[in-house]
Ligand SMILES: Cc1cc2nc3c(=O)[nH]c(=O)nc-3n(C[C@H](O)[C@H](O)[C@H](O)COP(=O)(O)OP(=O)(O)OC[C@H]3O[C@@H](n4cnc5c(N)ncnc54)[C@H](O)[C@@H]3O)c2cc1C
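This document starts with one chain, in the form predicted on its own, laid out as structure tokens.
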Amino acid sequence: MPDTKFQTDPGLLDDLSVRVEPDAPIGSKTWYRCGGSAAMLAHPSNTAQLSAVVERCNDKGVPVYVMGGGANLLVADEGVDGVVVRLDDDNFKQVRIEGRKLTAGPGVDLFSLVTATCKAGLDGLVHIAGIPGTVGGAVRMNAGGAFGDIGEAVSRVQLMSAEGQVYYRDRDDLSFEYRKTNIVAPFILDVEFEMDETDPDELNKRMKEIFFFKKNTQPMGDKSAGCSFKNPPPDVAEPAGKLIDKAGLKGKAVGKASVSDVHANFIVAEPGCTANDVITLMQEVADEVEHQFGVRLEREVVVWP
């Protein structure tokens, strides 16, 4: 069994009125459903509590991690020594619509958000249908796929710095590239999207088509974190999934982790899988692709710590 004894003081946040879970099993909260615990999992209920947590951790030199929906995250079996913050209180799950502007909190689930925009006849997010996770994590990594990225519709973000200061960045100060942004602040507090008014029936039709495409090309029913590797630039090599497939790695397994037979860029976990199984398999896949094609694949899945 992994060692779950952490150095973080279990009483670190006791006087801040913040809901805290000590030695919290966060690995089971990810889409892989494997991995270790966090020394402390904090659930601030508002921005003031979040700022207080950040300031306390800074004062004591305790590392802070931010956990969204766990869709693109793998927690190492030994766990995370520090404070993991999850913005899952209802105050961080608010959605507001004013004309063509939609504002969503970081904890809003992408599935429900896309569905709601389609029903409301607001076009701008339907292209990310079928992508799991929450708004905060999706914007930070500019989540997307074959139909487009979430950053295309972002007009403004409210952020909190590592020092607990709140500020805004507008569209002309934001950069959204393939699976990354220029947002360095650890906390996204609100995201404004610029939408277009469109026929709801047409939007729902497009959403269903995207879901159908994903269902037939990705292992959506399996435990995974989506694509394991970022695609190399088009002028460098073919997409990661094609390279892994050409390398003959579909079905390759380490322990209870295996390369999906449906889409080679997905590593799926069977019951009893450990984080180390997944990490080892990702390493072996990257090594073999580099050996055969001279291309080093970059991990898309975030691994803690």
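Please read all numbers here as calculations on a predicted model, not as lab measurements. Throughout, we count residues from 1 along the sequence that is shown.
Here the subject shifts to the form predicted together with the named molecule, a form of this protein not shown in this document.
Chemist: Is residue 79 one of the residues lying within 4.5 Å of the named molecule in the predicted bound form, judged by heavy atom distances?
Modeler: Because no heavy atom of residue 79 falls inside 4.5 Å of the named molecule in the predicted bound form, the answer is no.
Chemist: Using a 4.5 angstroms cut-off on non-hydrogen atoms, would residue 72 count as touching the named molecule in the predicted bound form?
Modeler: Taking the distances in the predicted bound form, the answer for residue 72 is yes, it comes within 4.5 Å of the named molecule.
Chemist: Even though the named molecule is not shown here, does residue 156 get within 4.5 Å of it in the predicted bound form, heavy atoms only?
Modeler: Although the named molecule is absent here, residue 156 would stay clear of it in the predicted bound form, with no heavy atoms inside 4.5 Å.
Chemist: Is residue 114 one of the residues lying within 4.5 Å of the named molecule in the predicted bound form, judged by heavy atom distances?
Modeler: Residue-level check for residue 114: no, no contact with the named molecule.
Chemist: If you check 104, 122, 225, 83 against the named molecule in the predicted bound form, which one has a heavy atom within 4.5 Å?
Modeler: That would be 225.
Chemist: Between the options 151, 232, 132, 164, which residue brings a heavy atom to within 4.5 Å of the named molecule in the predicted bound form?
Modeler: Only one listed residue qualifies here, and that residue is 132.
Chemist: Which one, 200-208, 181-189, 164-172, 94-102, holds residues whose non-hydrogen atoms are within 4.5 Å of the named molecule in the predicted bound form?
Modeler: Result of the contact check: 181-189.
Chemist: If you check in the predicted bound form, do 31, 67 and 144 all have a non-hydrogen atom within 4.5 Å of the named molecule?
Modeler: Yes: each residue has a heavy atom within 4.5 Å of the partner.
Chemist: Which residues within 85-100 place at least one heavy atom within 4.5 Å of the named molecule in the predicted bound form?
Modeler: Heavy-atom contacts to the named molecule in the predicted bound form: only 87.
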